[in-house]
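To begin, one chain is listed below as C-alpha coordinates, in the form predicted alone.
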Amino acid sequence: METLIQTTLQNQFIAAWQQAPIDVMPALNAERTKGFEFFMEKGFPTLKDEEWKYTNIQSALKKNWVLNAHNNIEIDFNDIKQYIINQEEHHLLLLIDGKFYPEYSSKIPGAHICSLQEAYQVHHELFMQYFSKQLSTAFNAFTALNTALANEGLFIYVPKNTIINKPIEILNLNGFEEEDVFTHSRNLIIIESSAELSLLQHSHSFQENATFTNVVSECFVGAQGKLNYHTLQLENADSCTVNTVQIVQEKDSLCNTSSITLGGKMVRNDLNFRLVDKNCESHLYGLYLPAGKEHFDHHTFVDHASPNCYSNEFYKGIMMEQGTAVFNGKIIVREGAQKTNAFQSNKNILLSSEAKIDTKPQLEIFADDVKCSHGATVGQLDEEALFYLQSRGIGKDKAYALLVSAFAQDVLQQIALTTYKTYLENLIEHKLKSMFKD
(Lines give C-alpha, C1' and ligand atoms only; values in the text may rest on other atoms or scores of the structure.)
Protein backbone atom coordinates (compact mmCIF):
# COMPACT_ATOMS: atom_id res chain seq x y z
CA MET A 1 0.00 0.00 0.00
CA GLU A 2 2.80 2.43 0.90
CA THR A 3 4.48 1.84 -2.46
CA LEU A 4 1.19 2.46 -4.30
CA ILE A 5 0.60 5.70 -2.40
CA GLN A 6 4.09 6.94 -3.07
CA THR A 7 3.94 5.98 -6.78
CA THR A 8 0.62 7.79 -7.33
CA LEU A 9 1.83 11.02 -5.81
CA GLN A 10 5.25 10.76 -7.38
CA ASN A 11 3.60 10.54 -10.79
CA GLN A 12 1.78 13.79 -10.06
CA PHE A 13 5.02 15.44 -9.02
CA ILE A 14 6.79 14.13 -12.12
CA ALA A 15 4.04 15.66 -14.27
CA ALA A 16 4.32 18.96 -12.40
CA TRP A 17 8.10 18.89 -12.82
CA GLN A 18 7.82 18.23 -16.55
CA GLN A 19 5.24 21.01 -17.02
CA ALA A 20 7.06 23.58 -14.91
CA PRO A 21 8.44 26.44 -17.06
CA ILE A 22 12.23 26.42 -16.87
CA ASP A 23 12.37 30.17 -17.46
CA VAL A 24 10.55 31.14 -14.23
CA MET A 25 13.78 31.22 -12.21
CA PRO A 26 16.36 29.72 -14.59
CA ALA A 27 19.39 30.33 -12.36
CA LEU A 28 17.87 27.83 -9.90
CA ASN A 29 17.49 25.02 -12.40
CA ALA A 30 20.54 23.11 -11.16
CA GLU A 31 19.41 23.38 -7.53
CA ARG A 32 15.86 22.39 -8.45
CA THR A 33 17.06 19.40 -10.46
CA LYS A 34 19.19 18.24 -7.54
CA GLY A 35 16.18 18.46 -5.25
CA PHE A 36 13.90 16.58 -7.62
CA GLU A 37 16.43 13.81 -8.21
CA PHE A 38 16.89 13.44 -4.45
CA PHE A 39 13.14 13.11 -3.96
CA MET A 40 12.79 10.57 -6.74
CA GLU A 41 15.59 8.50 -5.25
CA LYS A 42 14.40 8.59 -1.63
CA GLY A 43 10.62 8.95 -1.94
CA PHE A 44 8.50 9.89 1.02
CA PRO A 45 9.86 8.90 4.44
CA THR A 46 8.50 5.78 6.12
CA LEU A 47 8.55 4.49 9.68
CA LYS A 48 11.87 2.84 8.85
CA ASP A 49 13.50 6.27 8.66
CA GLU A 50 14.88 7.21 12.08
CA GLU A 51 13.69 10.82 11.84
CA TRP A 52 10.14 9.70 11.03
CA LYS A 53 9.80 6.51 13.08
CA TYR A 54 7.00 7.94 15.25
CA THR A 55 5.13 9.82 12.51
CA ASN A 56 3.37 7.76 9.85
CA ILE A 57 3.32 10.17 6.94
CA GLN A 58 1.67 7.54 4.75
CA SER A 59 -1.70 8.03 6.43
CA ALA A 60 -1.56 11.71 5.50
CA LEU A 61 -0.83 10.94 1.84
CA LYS A 62 -3.80 8.67 1.19
CA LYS A 63 -6.11 11.38 -0.14
CA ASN A 64 -6.41 12.13 -3.83
CA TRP A 65 -4.38 15.30 -3.56
CA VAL A 66 -4.54 17.93 -6.30
CA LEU A 67 -1.45 20.00 -6.93
CA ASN A 68 -2.29 23.66 -6.57
CA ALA A 69 -1.67 25.79 -9.66
CA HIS A 70 -1.75 28.94 -7.48
CA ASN A 71 -4.34 30.70 -9.60
CA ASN A 72 -5.35 34.20 -8.61
CA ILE A 73 -8.34 34.06 -6.29
CA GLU A 74 -10.99 36.73 -5.87
CA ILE A 75 -11.08 37.75 -2.22
CA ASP A 76 -13.57 39.64 -0.12
CA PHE A 77 -11.44 41.14 2.63
CA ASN A 78 -14.40 40.98 5.01
CA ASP A 79 -14.18 37.17 4.81
CA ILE A 80 -10.65 37.11 6.20
CA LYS A 81 -10.91 39.77 8.92
CA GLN A 82 -11.87 37.16 11.50
CA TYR A 83 -8.44 35.52 11.13
CA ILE A 84 -6.41 38.68 11.73
CA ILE A 85 -5.03 38.92 15.26
CA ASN A 86 -4.43 42.67 15.44
CA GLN A 87 -4.51 44.85 12.33
CA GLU A 88 -3.92 48.07 14.29
CA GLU A 89 -0.80 47.02 16.18
CA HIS A 90 0.65 44.74 13.48
CA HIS A 91 1.67 45.09 9.86
CA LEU A 92 -0.26 42.51 7.81
CA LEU A 93 0.99 40.21 5.04
CA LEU A 94 -1.54 37.88 3.43
CA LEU A 95 -0.74 34.52 1.86
CA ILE A 96 -3.36 32.21 0.38
CA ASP A 97 -2.25 28.63 -0.21
CA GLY A 98 1.32 29.91 -0.08
CA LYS A 99 0.83 32.72 -2.63
CA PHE A 100 1.54 36.31 -1.56
CA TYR A 101 -1.23 38.88 -2.12
CA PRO A 102 0.38 42.35 -1.86
CA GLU A 103 -2.88 44.17 -2.62
CA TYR A 104 -4.27 43.00 0.73
CA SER A 105 -1.01 43.50 2.62
CA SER A 106 0.55 46.42 4.45
CA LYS A 107 3.20 48.70 3.00
CA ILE A 108 5.99 48.41 5.54
CA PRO A 109 8.53 51.26 5.74
CA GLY A 110 12.13 50.09 5.85
CA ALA A 111 11.50 46.53 4.64
CA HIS A 112 11.61 45.12 1.12
CA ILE A 113 8.76 42.63 0.80
CA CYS A 114 7.54 40.86 -2.33
CA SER A 115 6.75 37.46 -3.79
CA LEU A 116 9.46 34.89 -4.33
CA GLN A 117 9.40 35.32 -8.12
CA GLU A 118 9.59 39.11 -7.89
CA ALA A 119 12.52 38.85 -5.49
CA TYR A 120 14.33 36.68 -8.03
CA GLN A 121 13.96 39.48 -10.60
CA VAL A 122 14.30 42.64 -8.49
CA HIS A 123 16.77 41.47 -5.82
CA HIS A 124 18.50 38.85 -7.94
CA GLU A 125 22.03 39.15 -6.52
CA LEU A 126 20.81 39.08 -2.93
CA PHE A 127 18.37 36.29 -3.71
CA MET A 128 21.04 34.09 -5.24
CA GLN A 129 23.42 34.79 -2.36
CA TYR A 130 21.04 33.28 0.19
CA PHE A 131 18.51 31.00 -1.48
CA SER A 132 19.05 27.35 -0.51
CA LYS A 133 22.62 28.00 0.59
CA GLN A 134 22.19 26.64 4.14
CA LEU A 135 19.24 24.30 3.68
CA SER A 136 20.60 21.04 2.32
CA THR A 137 18.14 18.87 0.40
CA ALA A 138 19.62 15.97 2.37
CA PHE A 139 17.46 16.94 5.37
CA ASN A 140 14.48 15.00 4.00
CA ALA A 141 12.39 14.44 0.90
CA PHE A 142 10.03 17.31 1.72
CA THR A 143 12.70 20.01 1.60
CA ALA A 144 13.99 18.48 -1.63
CA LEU A 145 10.51 18.45 -3.15
CA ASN A 146 9.95 22.04 -2.03
CA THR A 147 13.23 23.12 -3.62
CA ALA A 148 12.20 21.45 -6.87
CA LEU A 149 8.62 22.69 -7.19
CA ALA A 150 8.04 25.83 -5.10
CA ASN A 151 7.50 28.96 -7.23
CA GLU A 152 5.40 30.86 -4.71
CA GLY A 153 6.22 32.32 -1.32
CA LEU A 154 7.40 35.40 0.50
CA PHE A 155 10.60 37.43 0.43
CA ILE A 156 11.42 39.74 3.36
CA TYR A 157 14.60 41.80 3.37
CA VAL A 158 15.53 44.19 6.20
CA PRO A 159 18.67 46.23 5.39
CA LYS A 160 21.36 46.85 7.98
CA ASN A 161 20.63 49.20 10.90
CA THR A 162 16.89 49.07 10.13
CA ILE A 163 14.39 48.44 12.92
CA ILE A 164 10.86 47.52 11.87
CA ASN A 165 8.79 49.30 14.48
CA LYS A 166 5.74 46.98 14.54
CA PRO A 167 5.47 43.19 14.40
CA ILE A 168 4.68 41.75 10.97
CA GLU A 169 1.68 39.44 11.06
CA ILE A 170 1.88 36.85 8.28
CA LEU A 171 -1.56 35.34 7.80
CA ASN A 172 -1.56 32.01 5.91
CA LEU A 173 -5.02 30.95 4.77
CA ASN A 174 -5.12 27.47 3.30
CA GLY A 175 -7.88 25.67 1.46
CA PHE A 176 -9.48 28.32 -0.77
CA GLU A 177 -9.92 25.72 -3.53
CA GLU A 178 -12.75 23.21 -3.35
CA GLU A 179 -10.40 20.28 -4.00
CA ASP A 180 -8.03 18.70 -1.50
CA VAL A 181 -4.94 20.69 -2.39
CA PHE A 182 -1.21 19.91 -1.97
CA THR A 183 0.92 23.08 -2.00
CA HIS A 184 4.61 23.94 -1.89
CA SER A 185 5.75 27.40 -0.83
CA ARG A 186 9.12 28.90 0.03
CA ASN A 187 9.96 31.91 2.23
CA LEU A 188 13.29 33.74 2.29
CA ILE A 189 13.93 36.15 5.18
CA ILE A 190 17.13 38.22 5.34
CA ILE A 191 17.94 40.46 8.30
CA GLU A 192 21.19 42.31 7.83
CA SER A 193 23.59 43.50 10.54
CA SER A 194 22.08 45.49 13.43
CA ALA A 195 18.58 45.17 11.96
CA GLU A 196 15.55 44.02 13.97
CA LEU A 197 12.36 42.25 12.96
CA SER A 198 9.44 40.56 14.73
CA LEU A 199 7.33 38.06 12.77
CA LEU A 200 4.07 36.42 13.78
CA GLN A 201 3.19 33.73 11.26
CA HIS A 202 -0.10 31.89 11.74
CA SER A 203 -1.93 29.36 9.57
CA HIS A 204 -5.66 28.68 9.37
CA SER A 205 -8.00 26.56 7.26
CA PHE A 206 -10.42 28.71 5.26
CA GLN A 207 -12.83 25.89 4.45
CA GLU A 208 -13.46 22.33 5.61
CA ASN A 209 -11.66 20.65 2.72
CA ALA A 210 -8.31 18.99 3.31
CA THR A 211 -4.96 20.60 2.56
CA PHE A 212 -1.38 19.39 2.59
CA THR A 213 1.09 22.25 3.01
CA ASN A 214 4.81 21.73 2.45
CA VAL A 215 6.49 25.00 3.40
CA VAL A 216 10.17 25.86 3.83
CA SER A 217 11.42 29.11 5.40
CA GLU A 218 15.06 30.20 5.33
CA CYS A 219 16.02 32.94 7.79
CA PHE A 220 19.38 34.72 7.99
CA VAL A 221 20.21 37.00 10.91
CA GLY A 222 23.27 39.19 10.43
CA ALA A 223 25.79 40.36 13.00
CA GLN A 224 24.11 42.08 15.97
CA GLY A 225 20.75 41.48 14.29
CA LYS A 226 17.59 40.48 16.15
CA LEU A 227 14.74 38.23 15.05
CA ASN A 228 11.58 37.33 16.95
CA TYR A 229 9.80 34.55 15.07
CA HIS A 230 6.43 33.30 16.36
CA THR A 231 4.52 30.46 14.67
CA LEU A 232 0.92 29.38 15.28
CA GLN A 233 -0.82 26.46 13.55
CA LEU A 234 -4.57 26.26 13.84
CA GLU A 235 -5.97 24.26 10.93
CA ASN A 236 -8.84 21.83 10.58
CA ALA A 237 -8.86 18.13 11.40
CA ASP A 238 -8.26 17.09 7.76
CA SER A 239 -5.24 19.28 7.10
CA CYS A 240 -1.58 18.29 7.15
CA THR A 241 1.53 20.43 7.36
CA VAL A 242 5.24 19.83 7.01
CA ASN A 243 6.91 23.06 8.09
CA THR A 244 10.70 23.40 7.88
CA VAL A 245 12.44 26.49 9.26
CA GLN A 246 16.19 27.02 8.93
CA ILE A 247 17.69 29.91 10.94
CA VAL A 248 21.31 30.95 10.52
CA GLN A 249 22.78 33.39 13.06
CA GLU A 250 25.94 35.45 12.71
CA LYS A 251 28.10 37.16 15.35
CA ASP A 252 26.36 38.75 18.38
CA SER A 253 22.87 38.07 17.00
CA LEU A 254 19.74 37.21 19.00
CA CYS A 255 16.83 35.03 17.93
CA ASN A 256 13.67 34.23 19.90
CA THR A 257 11.22 31.67 18.54
CA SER A 258 7.91 30.24 19.72
CA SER A 259 6.03 27.38 18.06
CA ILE A 260 2.41 26.91 19.12
CA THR A 261 0.49 24.01 17.56
CA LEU A 262 -3.23 23.84 18.31
CA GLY A 263 -4.86 22.34 15.22
CA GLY A 264 -4.31 19.99 12.30
CA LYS A 265 -4.62 16.30 11.47
CA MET A 266 -0.85 15.87 11.13
CA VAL A 267 1.63 18.66 11.80
CA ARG A 268 5.38 18.23 11.49
CA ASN A 269 7.63 21.14 12.52
CA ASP A 270 11.36 20.98 11.81
CA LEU A 271 13.18 23.94 13.39
CA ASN A 272 16.91 24.06 12.68
CA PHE A 273 19.42 26.59 14.06
CA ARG A 274 23.01 27.13 12.94
CA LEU A 275 25.11 29.42 15.14
CA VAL A 276 27.96 30.14 12.75
CA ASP A 277 29.85 32.83 14.69
CA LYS A 278 30.60 33.71 18.29
CA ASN A 279 28.27 35.26 20.89
CA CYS A 280 25.00 34.14 19.30
CA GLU A 281 21.95 33.74 21.54
CA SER A 282 18.96 31.54 20.67
CA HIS A 283 15.70 30.85 22.52
CA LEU A 284 13.26 28.15 21.41
CA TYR A 285 9.87 27.85 23.08
CA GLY A 286 7.09 25.50 22.07
CA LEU A 287 3.62 24.34 23.12
CA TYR A 288 1.46 21.66 21.52
CA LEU A 289 -2.05 20.44 22.46
CA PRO A 290 -3.22 17.52 20.31
CA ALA A 291 -6.76 16.29 20.93
CA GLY A 292 -9.15 13.97 19.10
CA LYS A 293 -6.86 12.07 16.73
CA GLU A 294 -4.47 14.93 16.02
CA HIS A 295 -0.75 14.18 15.70
CA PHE A 296 1.85 16.93 16.29
CA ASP A 297 5.54 16.29 15.69
CA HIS A 298 8.27 18.77 16.70
CA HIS A 299 11.88 18.19 15.67
CA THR A 300 14.49 20.77 16.66
CA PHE A 301 18.19 20.92 15.89
CA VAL A 302 20.58 23.49 17.38
CA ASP A 303 24.04 23.41 15.83
CA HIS A 304 26.65 25.20 17.98
CA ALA A 305 29.37 25.70 15.39
CA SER A 306 31.20 28.59 17.13
CA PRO A 307 32.37 29.43 20.67
CA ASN A 308 30.71 31.60 23.32
CA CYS A 309 27.14 30.94 22.18
CA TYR A 310 24.01 30.35 24.25
CA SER A 311 20.83 28.42 23.47
CA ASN A 312 17.83 27.65 25.63
CA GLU A 313 15.01 25.34 24.53
CA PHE A 314 11.78 24.78 26.44
CA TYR A 315 8.88 22.79 24.94
CA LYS A 316 5.70 21.63 26.64
CA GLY A 317 2.99 19.23 25.49
CA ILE A 318 -0.55 18.55 26.65
CA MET A 319 -2.01 15.39 25.11
CA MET A 320 -5.79 14.98 25.31
CA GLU A 321 -8.24 12.27 24.22
CA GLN A 322 -6.47 10.21 21.49
CA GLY A 323 -4.02 12.95 20.66
CA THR A 324 -0.42 11.95 20.00
CA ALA A 325 2.79 13.95 19.82
CA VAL A 326 6.50 13.63 19.13
CA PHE A 327 9.33 15.75 20.45
CA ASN A 328 12.85 15.17 19.20
CA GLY A 329 15.33 17.85 20.23
CA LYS A 330 18.97 17.61 19.24
CA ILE A 331 21.86 19.83 20.30
CA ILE A 332 25.32 19.43 18.86
CA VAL A 333 28.38 21.29 20.14
CA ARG A 334 31.09 21.20 17.50
CA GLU A 335 34.78 20.82 18.19
CA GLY A 336 36.16 24.25 18.97
CA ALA A 337 32.81 25.64 20.15
CA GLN A 338 34.17 26.29 23.64
CA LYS A 339 32.28 28.28 26.30
CA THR A 340 28.99 27.01 24.92
CA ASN A 341 25.91 27.13 27.14
CA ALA A 342 23.11 24.94 25.79
CA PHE A 343 20.00 23.83 27.66
CA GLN A 344 16.97 21.82 26.62
CA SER A 345 13.83 20.76 28.47
CA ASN A 346 10.69 18.97 27.33
CA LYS A 347 7.76 18.47 29.74
CA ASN A 348 4.53 16.65 28.93
CA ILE A 349 1.28 15.71 30.58
CA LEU A 350 -1.16 13.04 29.43
CA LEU A 351 -4.82 13.73 30.16
CA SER A 352 -6.20 10.40 28.99
CA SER A 353 -5.13 6.77 28.87
CA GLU A 354 -5.25 6.85 25.05
CA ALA A 355 -3.02 9.91 24.62
CA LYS A 356 0.64 9.34 23.75
CA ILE A 357 3.95 11.19 23.57
CA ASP A 358 7.29 9.99 22.19
CA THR A 359 10.07 12.25 23.42
CA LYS A 360 13.74 12.00 22.59
CA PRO A 361 16.17 14.69 23.80
CA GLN A 362 19.66 14.40 22.31
CA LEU A 363 22.96 16.05 23.16
CA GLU A 364 26.27 15.58 21.36
CA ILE A 365 29.34 17.41 22.67
CA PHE A 366 32.73 17.59 20.97
CA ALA A 367 34.20 20.41 23.09
CA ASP A 368 35.37 20.22 26.69
CA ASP A 369 34.64 23.68 28.16
CA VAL A 370 30.85 23.81 28.00
CA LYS A 371 27.73 23.88 30.17
CA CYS A 372 24.97 21.74 28.69
CA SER A 373 21.93 19.87 29.92
CA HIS A 374 18.86 18.17 28.50
CA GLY A 375 15.90 16.25 29.84
CA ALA A 376 12.30 15.19 29.34
CA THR A 377 9.39 14.32 31.61
CA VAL A 378 6.03 12.67 31.02
CA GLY A 379 3.31 12.58 33.67
CA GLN A 380 -0.20 13.47 34.69
CA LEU A 381 -1.71 16.40 36.54
CA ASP A 382 -0.76 16.83 40.19
CA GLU A 383 -3.44 15.00 42.19
CA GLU A 384 -2.70 17.05 45.33
CA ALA A 385 -3.20 20.31 43.46
CA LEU A 386 -6.39 18.92 41.95
CA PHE A 387 -7.66 17.89 45.40
CA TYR A 388 -6.79 21.33 46.81
CA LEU A 389 -8.82 23.14 44.16
CA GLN A 390 -11.77 20.79 44.59
CA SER A 391 -11.66 21.28 48.35
CA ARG A 392 -12.15 25.01 47.71
CA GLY A 393 -15.41 24.34 45.89
CA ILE A 394 -14.10 24.23 42.34
CA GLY A 395 -15.58 21.48 40.17
CA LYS A 396 -13.30 18.70 38.96
CA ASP A 397 -13.46 19.66 35.28
CA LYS A 398 -12.87 23.33 36.07
CA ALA A 399 -9.95 22.38 38.32
CA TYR A 400 -8.43 20.28 35.53
CA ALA A 401 -8.73 23.20 33.10
CA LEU A 402 -7.09 25.61 35.56
CA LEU A 403 -4.14 23.28 36.13
CA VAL A 404 -3.66 22.68 32.42
CA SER A 405 -3.76 26.42 31.72
CA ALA A 406 -1.16 26.99 34.44
CA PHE A 407 1.03 24.31 32.88
CA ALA A 408 0.88 26.12 29.52
CA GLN A 409 1.69 29.52 31.05
CA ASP A 410 5.37 28.65 31.47
CA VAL A 411 5.68 28.85 27.70
CA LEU A 412 3.16 31.63 27.01
CA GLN A 413 4.81 34.03 29.44
CA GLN A 414 7.92 33.96 27.25
CA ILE A 415 5.98 35.72 24.47
CA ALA A 416 6.47 39.48 24.67
CA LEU A 417 3.58 40.39 22.32
CA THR A 418 0.78 41.02 24.81
CA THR A 419 -2.07 40.95 22.29
CA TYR A 420 -0.83 37.71 20.78
CA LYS A 421 -0.37 36.10 24.18
CA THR A 422 -3.96 36.98 25.13
CA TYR A 423 -5.15 35.59 21.80
CA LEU A 424 -3.38 32.31 22.51
CA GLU A 425 -4.79 32.08 26.03
CA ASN A 426 -8.31 32.41 24.60
CA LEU A 427 -7.64 29.74 21.97
CA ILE A 428 -6.29 27.32 24.56
CA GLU A 429 -9.21 27.98 26.88
CA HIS A 430 -11.62 27.28 24.03
CA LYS A 431 -9.87 24.00 23.17
CA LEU A 432 -9.86 22.88 26.79
CA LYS A 433 -13.59 23.55 27.10
CA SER A 434 -14.22 20.85 24.51
CA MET A 435 -12.83 18.33 26.99
CA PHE A 436 -13.50 19.82 30.43
CA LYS A 437 -17.16 20.56 30.86
CA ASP A 438 -18.76 21.11 34.25
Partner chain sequence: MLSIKNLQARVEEKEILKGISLEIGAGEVHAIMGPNGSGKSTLASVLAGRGGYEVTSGSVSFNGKDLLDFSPEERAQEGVFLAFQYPVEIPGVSTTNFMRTAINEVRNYRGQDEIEPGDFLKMMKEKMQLVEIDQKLLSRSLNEGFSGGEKKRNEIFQMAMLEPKLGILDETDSGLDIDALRIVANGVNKLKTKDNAFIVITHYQRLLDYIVPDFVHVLYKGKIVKSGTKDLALELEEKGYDWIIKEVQAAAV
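Numbering follows the first chain given and starts at 1. All of these numbers come straight from a predicted model, not from anything done at the bench.
There is also a form predicted together with its partner chain; it is not shown, and the following applies to it.
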Response to the item:
Picking from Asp369, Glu41, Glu50, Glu384, the single residue whose non-hydrogen atoms come within 4.5 angstroms of its partner chain in the predicted complex is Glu384
Practice prompt. Go through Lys34, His374, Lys62, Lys398 and name the one with a heavy atom inside 4.5 Å of its partner chain in the predicted complex.
Written response: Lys398
Worksheet item: Does at least one non-hydrogen atom of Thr46 fall within 4.5 angstroms of its partner chain in the predicted complex?
Response: no
Worksheet item: Going by a heavy atom distance of 4.5 Å, is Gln409 a contact of its partner chain in the predicted complex?
Response: yes
Discussion item. When the contact criterion is heavy atoms within 4.5 Å, does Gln380 count as touching its partner chain in the predicted complex?
Written reply: no
Worksheet entry | Touches its partner chain in the predicted complex: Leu403 (any heavy atom, 4.5 Å) | yes
Worksheet, complete the sentence: Those residues of 365 to 392 with a non-hydrogen atom no more than 4.5 Å from its partner chain in the predicted complex are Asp382, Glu384, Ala385, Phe387, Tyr388, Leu389, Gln390, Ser391, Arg392
